[in-house]
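This document opens with one chain alone, in structure tokens, the form predicted alone.
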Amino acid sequence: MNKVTTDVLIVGGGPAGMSAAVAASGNDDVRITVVDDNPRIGGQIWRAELGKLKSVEALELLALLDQQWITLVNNASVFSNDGSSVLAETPSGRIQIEYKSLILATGARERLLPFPGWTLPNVLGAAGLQALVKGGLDVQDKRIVVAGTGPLLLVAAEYLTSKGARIVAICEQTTNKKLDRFALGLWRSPSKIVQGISLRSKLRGIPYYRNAWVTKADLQSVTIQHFGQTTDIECDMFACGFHLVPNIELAQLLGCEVADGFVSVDDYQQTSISDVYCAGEPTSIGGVEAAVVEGKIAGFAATGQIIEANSLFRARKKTTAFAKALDQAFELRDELKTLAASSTIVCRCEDVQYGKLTDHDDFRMAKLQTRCGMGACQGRICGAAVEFLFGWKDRSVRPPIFPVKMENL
């Protein structure tokens, strides 16, 4: 087992992690290590396309990282900790990284909800399909329906369109009233208005349904519910996503306080554990701007640059308001809880059907009796689904938090 020692360890190489590393490098006396489980840093939002970053902001941060005394460790999945170090699995084996300060920038994953047909081929998560296309999947002339909730639907649709896909419909489950209120609130964020106008202009001509959600899918079409009417839409692929779920498992394993599903932090992004900081989506779902500013504050604070951290508080306040507006505008409607039939699989890893879960009162009993949440993904998909469907919360986080080879345990 290889052992690495560093002053500041940053877990996650997305916008928050990259920004934290650049900010921390302002203190010349500290060693900084960034660990990420992808082949290249950038996270989901800045994921490299065929090995190349496209975002100008990401490229600027990467250039700054290359100029500083920062160690990047890619293809490393952190799966455990012992209080002053973490264990990570890499293609060449296990590594132990000892640190003085830790910054968690572990990002988020998309929430998927079960409905008849959601496990069929070519039914994918919207972000997952984006990642596949960035890796080389050809969607030229493929008819694709994008459905779910949140601004990421538009982002996914625009990207797929740029790669030659034919987006035949975008279905947003939230109401007209909530969407209009959200749009009016963007006057505080001119950059968001510009982004929204740009996206909609690129998607001109594509049907955009509000108050619409998928009820079932088959290999040739999807059925959507729209203002009390059901409509079948023929398509080759279906991309869905019901907002995001923060990746807080490592924070929970460390013993950090969690409230309402997010890691609790103070003004300097410090968690309830001394010298452990958290930035980005694990603290709130606020988008790339929030991740960048929180990452900077965490990087400055972790290296004693308090004045620099203080100077960013106002900018963070604006992103916090946007995060709250997102939550309110794209809150999931109760009708989505009724989509799954008794035979619909909820836990893909263990093939657990919805009907097998309704006999239980909490996640613990469901695990014991059905193995729901005990498969390879450790409840990362079905956990968020059963929390929405039944109100169950999974409080049992134990190492390894990712699947690991026996030889590395």
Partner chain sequence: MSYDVVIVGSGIVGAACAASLSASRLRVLVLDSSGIATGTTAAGMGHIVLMDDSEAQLALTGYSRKLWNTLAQELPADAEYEHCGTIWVAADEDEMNEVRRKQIVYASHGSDAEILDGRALRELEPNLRGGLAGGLLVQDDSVVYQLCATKFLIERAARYGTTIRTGTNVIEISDDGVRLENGEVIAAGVIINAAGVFASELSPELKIVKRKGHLAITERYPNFVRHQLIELGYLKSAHGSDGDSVAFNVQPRITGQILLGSSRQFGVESNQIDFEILKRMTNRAFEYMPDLKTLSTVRVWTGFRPATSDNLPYIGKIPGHENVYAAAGHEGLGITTSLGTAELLTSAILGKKPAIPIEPYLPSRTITEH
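Positions refer to the first chain, counted from 1. Not measured: the values here are computed from a predicted model.
Another form, the form predicted together with its partner chain, is not on view; read the next lines as being about it.
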Q. Is its partner chain in the model of the complex near all of Pro151, Arg204 and Arg210, within 4.5 Å of a heavy atom of each?
A. no
**Q.** Interface stretch in the model of the complex with its partner chain - options 263-271, 173-181, 80-88, 294-302, non-hydrogen atom within 4.5 Å
**A.** 80-88
(Q) How about Asn27 - does it come within 4.5 Å of its partner chain in the model of the complex, if we only consider non-hydrogen atoms? (A) no
(Q) At 4.5 Å between heavy atoms, is Ala376 in contact with its partner chain in the model of the complex? (A) yes
Q) Taking 4.5 angstroms as the cut-off for heavy atoms, does Lys405 touch its partner chain in the model of the complex? A) yes
**Q.** Distance check, Arg398 to its partner chain in the model of the complex, heavy atom within 4.5 Å
**A.** yes
